[in-house]
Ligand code: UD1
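We begin with a single chain expressed as structure tokens, specifically the form predicted alone.
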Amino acid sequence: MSKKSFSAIVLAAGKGTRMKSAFAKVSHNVFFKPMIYHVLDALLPLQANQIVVVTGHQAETVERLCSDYNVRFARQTEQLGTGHAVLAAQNSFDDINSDVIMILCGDTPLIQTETLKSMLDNHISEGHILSVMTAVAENPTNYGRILLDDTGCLQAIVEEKDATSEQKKINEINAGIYCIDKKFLFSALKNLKTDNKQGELYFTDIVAIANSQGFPVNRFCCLNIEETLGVNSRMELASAHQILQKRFIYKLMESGVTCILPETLSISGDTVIGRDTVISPNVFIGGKCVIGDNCLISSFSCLLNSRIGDNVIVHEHSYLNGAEVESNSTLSPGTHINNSISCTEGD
């Protein structure tokens, strides 16, 4: 990566009305942790100079939730659009030396570090002023559409509610992730207007502003459309969990774990499992579990925050919570251990 420095803004101020929830959208759990954690965890390996989380709806709750991360918070006191949310972060960078700002949303838990790094590298190495992540969707409903000129250059982004019937047929969508020159960013934000159906400051209008000032806008296409999924409903929450669970189970299998009928398993991302261990169908493993080599976890068992040694057989319908199971042990069907190192078999 170039020596140019970068910082990041994570937008987490929205209400998420389609969630039909009393809780802030980004606080909802996806794959065993708040969805905003997945976004921050994807950013951390890139070693940004600073990460600023913009909060608004239930700001105190979101800030408390993210307090273990090395981030700053900026408040969007009124919900006046994404452009207004980015503007709320401006003062947070007064003492930060960054050439590039990456902007992304706190409700995109599927984005991966490798994709963010590729976009940032591309943006910096090619000297772009503004880069927009796009993707091609079979069903682009609810996403901003990418408008190109006759030469294929990105001219503008039109939001769903402002799009014409013809523009709604476009299937290249805005993924909501940007890399942008810091000086241009905060200068251009002053030119945003509210002349749209929402009466809001759309950050996406910065594309047209860049073009009007003679700066070509770079399209960085994310080839894996699932990474760009924004979580705005309970259905999308479930889809995101399923995708992240599948990714983790595949990693386990690549490391030497046998997962029989993986689609029936629920395994926390904090779980460590040794090679040649077999996980039978319909098993739940939650919290921070460590399972050794060459074990068998039988069907309809539930393991929570437990440590299992090597060569252990856990028979069907067992419940282990905070258990310590020695190597070479065999637990009878229905074994119940609740926060104890001793076990009551057949309970």
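The first residue of the shown sequence is 1; numbering continues from there. Treat the numbers as computed from the prediction; the structure is a model and nothing was measured.
Beyond the structure shown, there is the form predicted in complex with the ligand, which is absent from this document and is the topic of what follows.
Participant: Consider the chain as shown here, without its partner, and state which of A85, I206, M119, I267 has a heavy atom within 4.5 Å of the ligand in the model of the complex.
Facilitator: So the residue touching the ligand in the model of the complex, by this definition, is A85.
Participant: Consider the chain as shown here, without its partner, and state which of F220, Y143, F248, F93 has a heavy atom within 4.5 Å of the ligand in the model of the complex.
Facilitator: Contact with the ligand in the model of the complex is made by Y143 alone.
Participant: Going by a heavy atom distance of 4.5 Å, is L80 a contact of the ligand in the model of the complex?
Facilitator: Yes, L80 is a contact residue.
Participant: Answer for G176 alone: is it within 4.5 Å of the ligand in the model of the complex, judged on heavy atom distances?
Facilitator: Contact with the ligand, yes.
Participant: Wondering, does C105 line up within 4.5 Å of the ligand in the model of the complex on heavy atoms?
Facilitator: Looking in the model of the complex, residue contacts with the ligand include C105, since a heavy atom lies within 4.5 Å.
Participant: With a 4.5 Å heavy atom cut-off, would you call Q76 a contact of the ligand in the model of the complex?
Facilitator: Q76: yes, in contact with the ligand in the model of the complex.
Participant: Counting only non-hydrogen atoms, which stretch in 271-279, 121-129, 187-195, 157-165 is within 4.5 Å of the ligand in the model of the complex?
Facilitator: It is 157-165 that comes within 4.5 Å of the partner.
Participant: Under the 4.5 Å heavy atom criterion, name the residues of 225-240 that approach the ligand in the model of the complex, in sequence order.
Facilitator: The stretch 225-240, when checked against the ligand in the model of the complex, contributes G230, N232 at the 4.5 Å heavy-atom cut-off.
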